[in-house]
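Take a look at this single chain, the form predicted on its own, given in structure tokens.
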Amino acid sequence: MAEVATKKKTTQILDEGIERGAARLTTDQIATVVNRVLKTETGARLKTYVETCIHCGLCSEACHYYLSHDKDPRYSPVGKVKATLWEILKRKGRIDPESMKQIALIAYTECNLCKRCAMYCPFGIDIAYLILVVRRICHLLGITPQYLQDTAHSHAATMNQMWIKDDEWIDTLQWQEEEAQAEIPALRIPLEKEGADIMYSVIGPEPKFQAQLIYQTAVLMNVAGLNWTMPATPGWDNSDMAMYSGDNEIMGRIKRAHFEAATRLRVKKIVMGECGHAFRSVYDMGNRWLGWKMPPIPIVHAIEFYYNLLKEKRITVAKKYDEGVTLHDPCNVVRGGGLHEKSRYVVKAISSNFIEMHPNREHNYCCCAGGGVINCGPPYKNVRVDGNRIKAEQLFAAKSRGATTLIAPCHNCHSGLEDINHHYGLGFKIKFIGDILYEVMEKPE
């Protein structure tokens, strides 16, 4: 595999959120918060992981940061836990503010919580959970990266990631409905329709920056003849950066709003757009914080939704996409949701030249944008792209075998891979599955 050069970091990043937060702290305050979290929010799971880990380092080869930094042990999963949580435990929480700043930077910007390392640990230790414990401590101490905290504030104030007002949300849906009616005159985007089979939910950036994805889905729903709706009230946004900032209280609020919107509309299931972190939040984390073993309404990710439509012949492909395509496996829907084979079924159904990248499926490398890292903002862009040279090499190898289009069925992956694509000059077209499906499906004349 060809190697891609890594650009070296030349400046130290000073994050206003972390700097100001740490300046207000004392060692005693830090110890109080640490012990509160350890005593009231953790238990046997944390104790088992900490006492089981033998520091063997077998998790190292799984981490894209470690591989991309010439196997520097500081970037290994065990190295990052040793520098953060184990240091906190060893000192019984008595960490000085300057050390907490470094712990926060590692936890928020040098781990994507992708859980690839857990597959390679001989004991199955979930290092992502350990790092989330550290982030929880950092949040309660008020030392969260500024951009990530701003996004969590947007969730808290407006129940969506992008500070979109209620009337702006409705206006966007009506705008996309009118655009789509130029193609299918009878098309509607049903709002607040009670008793529909499906409530379709999206992430905040779609109405803000990627409204064409709502247009494409509306066409898909119409052609398939589905009984669907979208909520006109808060609860439409399924994204959740509070989950990654450590603000579990806000995470619980926005997930409750999401489920309450679906319950109020009396739908049979929630179909989510192509977003991995939102799927993880709705399906696996937000519901658990609320005390629910499983979500109260079935959750279907877009990949499974497309799979079912093609399997049931609700839509047909008029002409397959003929450029060479390769598929990125998002961490949260593959390792977290097991949708790797269904995504391949869909991609093979809509494209005639599928080129598998290696490794793939649950062994695929993370995009380095998930886990809230991309939401830590522009100051950490080079940290991300330098931390994923291994992904660039993986993509370069797929391109050398004829792939020119990269399918990334997740918004964070899409954005992170765009950065890698430009940084390393790979030259891929990056698309969602929905982009190609809309392009190749049969539509009424």
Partner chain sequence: MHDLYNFVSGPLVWVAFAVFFFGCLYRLIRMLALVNQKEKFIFSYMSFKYSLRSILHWSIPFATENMRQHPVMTIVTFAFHFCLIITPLFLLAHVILWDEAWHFSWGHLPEGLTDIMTLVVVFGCFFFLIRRLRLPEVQFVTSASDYIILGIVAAPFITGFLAYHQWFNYPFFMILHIISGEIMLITIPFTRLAHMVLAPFTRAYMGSEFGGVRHARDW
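Positions refer to the first chain, counted from 1. Just so we're clear, the structure is a prediction, and the values are computed from it rather than from any experiment.
Heads up, the form predicted together with its partner chain isn't pictured, but that's what we're talking about next.
Q: Counting any non-hydrogen atom inside 4.5 Å, which residue from T27, N382, S415, T42 sits next to its partner chain in the predicted complex?
A: Selected residue: T42.
Q: I need to confirm a contact call. Of W163, W86, F354, Y147, which residue comes within 4.5 Å of its partner chain in the predicted complex, counting heavy atoms only?
A: Looking at the other structure, the residue within range turns out to be W86.
Q: Can you check whether C121 is within 4.5 Å of its partner chain in the predicted complex, heavy atom basis?
A: So C121 counts as contacting its partner chain.
Q: Please determine whether G336 contacts its partner chain in the predicted complex, using a 4.5 Å cut-off between heavy atoms.
A: Residue-level check for G336: yes, a contact with its partner chain.
Q: Report yes if any heavy atom of Q394 sits within 4.5 Å of a heavy atom of its partner chain in the predicted complex; otherwise report no.
A: Flag for Q394 set to no.
Q: Residue-level question: is E61 within 4.5 Å of its partner chain in the predicted complex, judged on heavy atoms?
A: Although its partner chain is absent here, E61 would touch it in the predicted complex, with heavy atoms inside 4.5 Å.
Q: Could you tell me which of 343-351, 216-224, 78-86, 267-275 sits within 4.5 Å of its partner chain in the predicted complex, going by non-hydrogen atoms?
A: Selected range: 78-86.
Q: Is every one of I170, P185 and K320 within 4.5 Å of its partner chain in the predicted complex, counting heavy atoms?
A: Answer is no for this spot.
Q: Check each residue of 47-62 against its partner chain in the predicted complex and list those with a heavy atom within 4.5 Å, in sequence order.
A: Residues within 4.5 Å: K47, T48, Y49, E51, T52, C53, I54, H55, C56, G57, L58, S60, E61.
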